[in-house]
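Take a look at this single chain, the form predicted on its own, given in structure tokens.
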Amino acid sequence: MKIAVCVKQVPDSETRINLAAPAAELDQSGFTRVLNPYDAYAVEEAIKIKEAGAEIEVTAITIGPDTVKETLKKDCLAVGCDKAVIINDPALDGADESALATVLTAALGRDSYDLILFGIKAIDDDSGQIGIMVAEKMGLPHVSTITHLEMAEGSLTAHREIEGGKEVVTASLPAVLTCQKGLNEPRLPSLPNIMKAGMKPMETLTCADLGIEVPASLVEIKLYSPPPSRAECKLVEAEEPAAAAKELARLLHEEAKVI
């Protein structure tokens, strides 16, 4: 059985974004980069499946520059993935979700994967589209936002949260799943395993190596703008709570115009 885990390196959620005025690009020189937190659940689930079965190979696949190698080494290979594939093509800088899904589809098509795992979304763009786009492009069944997974011979059963309840879905393999918090508890890599991870195969490819042209992006980011400054706070003062509530309601209706 072969499992692919598609991951992304993203800015750490604690990274400060300095944007004093609208700009066409963000200054990312000071960003600290980490494995996308939702992808960690996908990696952990792939490793759990590997540990529960025999002859299972797990491949981590990503799109990005050379800086992704350290993240792949520490957060994928050191916790149990067998090898990694990086699509490093400068022409993909700024590519949108549709273009990235096309490239990942080509990379995944190089091998016969029985299961393809994604995080539900990346915390930098928050789009949550690529996993489902890949499934559609590959013509595979997919289940999104799963919180529990059971594997069987040639099929799987996944639980996913829906509004007000839980949905249980059965799908045949191969299939694509997107994973979220609650599915498992991602493990931390040990120092010895991080050292050993450097010996595992890590392949770097371009779009040309995949036999495709760089796909055109349908979306272009024109401008980044800082949020507007907050207006000065107005304090409602009154001797009686009822009078304060009445004045607050008037201000919300007549000045703020939110009610």
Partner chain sequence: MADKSYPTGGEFLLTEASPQSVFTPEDFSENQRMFATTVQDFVERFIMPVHEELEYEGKTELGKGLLKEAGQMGLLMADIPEAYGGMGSDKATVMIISEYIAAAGSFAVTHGAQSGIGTLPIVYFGTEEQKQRFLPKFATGEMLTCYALTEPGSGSDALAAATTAVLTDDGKHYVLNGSKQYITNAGYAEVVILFAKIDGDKFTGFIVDLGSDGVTIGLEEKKMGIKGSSTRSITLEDVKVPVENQLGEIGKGHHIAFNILNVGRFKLGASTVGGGKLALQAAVPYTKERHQFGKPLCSFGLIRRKIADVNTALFLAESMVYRTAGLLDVAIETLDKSDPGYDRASISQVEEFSIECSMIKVFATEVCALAAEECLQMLGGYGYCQEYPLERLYRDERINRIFEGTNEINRMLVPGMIMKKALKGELPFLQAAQTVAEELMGLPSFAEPGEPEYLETESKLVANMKKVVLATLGLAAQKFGKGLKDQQEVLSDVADIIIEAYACESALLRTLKKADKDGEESTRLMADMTTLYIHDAMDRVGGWGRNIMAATVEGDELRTMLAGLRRLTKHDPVNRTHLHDLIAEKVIDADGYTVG
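Residue numbers count along the first chain shown, from 1. Since the structure is predicted, the reported quantities are computational estimates derived from the model, not experimental observations.
This next part talks about the form predicted in complex with the partner chain, which is not shown.
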The partner chain contact at S190 in the model of the complex, heavy atom, 4.5 Å: yes
Non-hydrogen atom contact E203 with the partner chain in the model of the complex at 4.5 angstroms: no
Partner proximity in the model of the complex: P186 to the partner chain, non-hydrogen atom cutoff 4.5 Å: yes
4.5 angstroms heavy atom contact with the partner chain in the model of the complex for L26: no
Candidate stretches 192-200, 205-213, 222-230, 46-54, one within 4.5 Å of the partner chain in the model of the complex by heavy atom: 192-200
Residue (of K73, H142, H159, K121) lying close to the partner chain in the model of the complex, criterion heavy atoms within 4.5 Å: K73
